[in-house]
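Take a look at this single chain, the form predicted on its own, given in structure tokens.
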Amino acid sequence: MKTTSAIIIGAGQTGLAMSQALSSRRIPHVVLERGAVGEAWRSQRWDSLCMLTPNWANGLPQAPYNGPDPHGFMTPDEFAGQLEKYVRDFALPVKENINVNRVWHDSTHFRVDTSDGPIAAESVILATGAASRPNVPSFADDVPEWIFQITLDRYKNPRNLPNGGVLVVGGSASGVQMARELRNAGRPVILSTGNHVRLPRRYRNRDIETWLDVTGVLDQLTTEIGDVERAKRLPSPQLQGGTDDVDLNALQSIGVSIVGRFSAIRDGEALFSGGLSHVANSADLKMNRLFDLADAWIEEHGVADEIAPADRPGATVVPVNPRLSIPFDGGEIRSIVWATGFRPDFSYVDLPVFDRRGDLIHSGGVCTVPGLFVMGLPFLRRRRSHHISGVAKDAQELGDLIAKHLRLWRAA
């Protein structure tokens, strides 16, 4: 049986960052990837997608972005190419096209059963990320069979959908981008949104990522956040790569209809929450709190003369009487795009590390079974943990913990 000190499962940005951290510590390891490096960025994204963050924020550990367009937005294909180059430049020990079937532990070692045979290790790092499986509500099974349904991992462009109106479910980045794309393609679009994060692409002529970065918002530790579990469930901000805003006001200005959270199906009708005004007001309040932080940073650093004046967007406008139901047989909805996010898939882990809901139990990426670690989950160690810009710090800190575990294991 093959043996090594550590096995990293997943060769996305988190797995590769961890590989670089282990390599710098001279810890023997292997990275197992079920496809090719960067394949998910190429095969599970829609055609028009660009990265949500500007290029300067998408560097990897020891490899910051140094291209000609730091304030541009690369495509998923371009980012996948960056991951491939990273593997070559750092000579990372990645094995592609290897399926991991089971991770378990005997009396001494972790055992990883793969399509290329078993491997034994003293430590395993789960780096398959938080976006492995579409998170579709169970009542999707009650949608009438004549309504076409699709999840984001299968959607490529408007031609994927039959003619007619579209219900886009989800008000995060992907949902608002879908609504905009489909409306611009001439489709009647209804967007269903619950809690959401409203942010403009730019504030005071700086990308919003700049303000999230310099004000320290993204570096808030999990110990500094009151309700971490609630924070983990926050959707991605209503942004897209580029210069245009895609918040609810921008969508309504091009003819997208807005309704509340899709909550149930009853008697052949889609039912929506009546809390649209409340969630929109809450999103506006939180957006303005970030602007307050940015304004305070500008004053503290004495750079008000160098930065454009405050240009806060107006309050979200919601329908006076938002629709609470739409019949499926009325012809308004021909397709549903489930932009309801994704969830991790740790079904290959055969270890007692899950709670009653099936969620992985960990503290800052350290699991309850010694030697098992995880990377790439929301708010793993800090707010930016699942951002590309967050993998470096997490990998360095977890790298230290893995090295410590290996020393203790060998001394036992």
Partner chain sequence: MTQQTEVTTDNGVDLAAILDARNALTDAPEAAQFTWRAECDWINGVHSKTTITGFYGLGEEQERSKEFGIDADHPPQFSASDEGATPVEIVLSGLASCLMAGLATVAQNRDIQLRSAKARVEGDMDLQGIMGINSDVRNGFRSIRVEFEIDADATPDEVAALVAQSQKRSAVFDIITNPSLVHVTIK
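Residue numbers count along the first chain shown, from 1. The model shown is predicted, which means the values in this text are computed figures rather than measured ones.
Unshown form predicted in complex with the partner chain; subsequent notes refer to it.
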Query - All of 94, 97 and 216 within 4.5 Å of the partner chain in the predicted bound form, heavy atom check - result: no
Query raised in the report: Which among 289-297, 171-179, 205-213, 117-125 is in contact with the partner chain in the predicted bound form, heavy atoms within 4.5 angstroms?
Result: 289-297
Requested in this report: Answer for residue 263 alone: is it within 4.5 Å of the partner chain in the predicted bound form, judged on heavy atom distances?
Outcome: yes
Query raised in the report: Looking in the predicted bound form, any heavy atom of residue 271 within 4.5 Å of the partner chain?
Result: yes
Query raised in the report: Do residue 85 and the partner chain share at least one heavy atom pair within 4.5 Å in the predicted bound form?
Result: no
Query raised in the report: Closest heavy atom of residue 316 to the partner chain in the predicted bound form, within 4.5 Å or not?
Result: no
Requested in this report: With the partner chain left out of view, choose which of 132, 149, 282, 252 has a non-hydrogen atom within 4.5 angstroms of it in the predicted bound form.
Outcome: 282
Query raised in the report: Considering the partner chain in the predicted bound form, which of 138, 243, 107, 321 comes within 4.5 Å of it through any heavy atom?
Result: 321
Query raised in the report: Going by heavy atoms, what in 224-243 lies within 4.5 angstroms of the partner chain in the predicted bound form?
Result: 224, 227, 230
